[in-house]
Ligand SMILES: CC(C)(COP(=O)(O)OP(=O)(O)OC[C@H]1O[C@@H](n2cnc3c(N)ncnc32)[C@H](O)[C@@H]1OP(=O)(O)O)[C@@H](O)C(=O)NCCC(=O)NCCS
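Read the single chain below, which is given as structure tokens and is the form predicted alone.
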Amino acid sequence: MQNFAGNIRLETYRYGCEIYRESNTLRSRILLESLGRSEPASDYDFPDIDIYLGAFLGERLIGTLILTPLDAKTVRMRQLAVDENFRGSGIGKALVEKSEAIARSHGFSLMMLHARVSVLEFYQKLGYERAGERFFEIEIPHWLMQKKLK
């Protein structure tokens, strides 16, 4: 697969804007509809505190993730979704690395996330470690993972 990571633009966007609505559609399709769930991804948002990050190829949104502050030092990465046509091309890695830079710039020193078992290896390659026991979220197995941000 072609590596698109060098050709993409990564930028934050605001809750409620057109890009946000596009991201909601992408997140719903990738993260929920694939599990047979029909609720919109926006049901899981915290618009007053979330930081939304998008990956764009030209004007097309091809990936997104959300950062949710948990306390003054800890932020949670959530709802990483990459369009099926661009998986394996470095987009997810680019989003994670950019989210870590954003988190550091906001003073966070620990990134946490809930990883589906199917993507555990992806996060481990990026330096995340499992913390705690496996648990179920939206009816599928997950691991709590974390990484100290330097």
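Only a predicted model underlies this, so the values are computations on that prediction, with no experimental measurement involved. The numbering used is simple: start at 1 and walk along the sequence shown.
Missing here is the form predicted together with the ligand; even so, the following discussion is about that form.
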| said: Quick check on this chain: which one of Leu53, Ile91, Ala41, Met111 has a heavy atom within 4.5 Å of the ligand in the predicted complex? | reply: Ile91
| query | Going by a heavy atom distance of 4.5 Å, is Ile66 a contact of the ligand in the predicted complex? | reply | no
| in the predicted complex, does Arg87 have a heavy atom within 4.5 Å of the ligand? | yes
| Taking 4.5 angstroms as the cut-off for heavy atoms, does Ala103 touch the ligand in the predicted complex? | no
| Any non-hydrogen atom of Leu31 within 4.5 angstroms of the ligand in the predicted complex | yes
| query | Which of these stretches, 119 to 127, 103 to 111, 66 to 74, 43 to 51, has heavy atoms within 4.5 Å of the ligand in the predicted complex? | reply | 119 to 127
